[in-house]
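Next up: a single chain in structure tokens, the form predicted alone.
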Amino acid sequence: MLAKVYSATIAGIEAYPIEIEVDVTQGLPSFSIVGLPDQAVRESKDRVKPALKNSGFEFPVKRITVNLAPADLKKEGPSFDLPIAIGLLTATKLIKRDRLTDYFILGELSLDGSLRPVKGILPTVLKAKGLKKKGVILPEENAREAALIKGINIYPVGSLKRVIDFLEGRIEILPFSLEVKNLFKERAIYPVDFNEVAGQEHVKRALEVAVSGGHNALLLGPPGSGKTMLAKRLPTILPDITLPEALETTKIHSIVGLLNPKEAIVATRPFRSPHHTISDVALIGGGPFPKPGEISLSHNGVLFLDELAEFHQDVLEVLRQPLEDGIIHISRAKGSVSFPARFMLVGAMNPCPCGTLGQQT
């Protein structure tokens, strides 16, 4: 019997709807997943089977085929565990299929049937809202992030058994709600402050001018003169991040997996300081299936390159286009994506290899 469950995958910084077709037929026992799955998706069968058994359900000893459509789009991550399990139970008539089309379902399964959080929740909820779905069923740890999007119901669940009971109508789960403006104000606190810097009046004035005019800056001085200290406090004198900017920044951090579930939103301007051994791919983004790099993680914030002279020349050269356009276009054999990258670039370096050129000894 055939069952269909709906979920989403991430490509670039956008979510794309995925139709999960599960077919259970007579034949030699097997479990195959097709549709360009990565290793984490292929391993879903090894998590789904014990999760079903430990949740009190019988795993069908039949020929099982799971198709992730569209088949030409790469599927990544463990977020398909839950919809695959739901599809199996629906195909074996243990769950009624009449409510499945109303929801996006995603979540990673533990072997005991409990759910773990997954990445990329914010763009997935945005896509579900755009497709006019009634709601999104997801792990409890992702609920706060998902609730940032208004106009769609968010149903947080802690286990596979609870999802099944909800779909069967045996229990009611109230949609999770969150006062976004209050949360935004609570999280808009920096751990440091520009006012903490004593002295260095000429440097502070220069940085204030740079921030006011939207300019980049280079701090040149000997070790211990306060270059890094000043740079870390620079985001605190930037204009307060707006809610639309915060949601855009949160979207990027969610995809990369850097978002703290307890905070749910990036309410301060990001500050990124990669090591000088970073590669050009890690800086601008990329890979076989492109992911955001440091310049996108610092979008709407500050990118600080300490020991600027130690960075490889090819790494610095790739900054030209995103500094001009505020966006980075990455093309690979398997696809092209664009990531936002509008940031303030701040560099710091010593005046010479020993760091003391022009200093009195």
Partner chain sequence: MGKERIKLGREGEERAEKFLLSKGYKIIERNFKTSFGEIDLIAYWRKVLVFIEVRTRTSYNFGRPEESISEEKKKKISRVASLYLKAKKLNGVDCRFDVVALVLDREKGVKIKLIENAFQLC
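Fair warning: this is a prediction, and the values are worked out from it, not measured in the lab. Numbering follows the first chain given and starts at 1.
One more form of this protein exists, namely the form predicted in complex with the partner chain; it is left out here, but the text below deals with it.
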Which of 294-302, 65-73, 23-31, 316-324 lines the interface with the partner chain in the predicted complex (heavy atom within 4.5 Å): 23-31
Contact label in the predicted complex: Arg42 to the partner chain, heavy atom within 4.5 Å: no
4.5 Å heavy atom contact, His329 and the partner chain in the predicted complex: no
Exercise: Lys49 in contact with the partner chain in the predicted complex, heavy atom 4.5 Å: yes
Neighbours of the partner chain in the predicted complex among 58-73 [non-hydrogen atom within 4.5 angstroms]: Phe59, Val61, Lys62
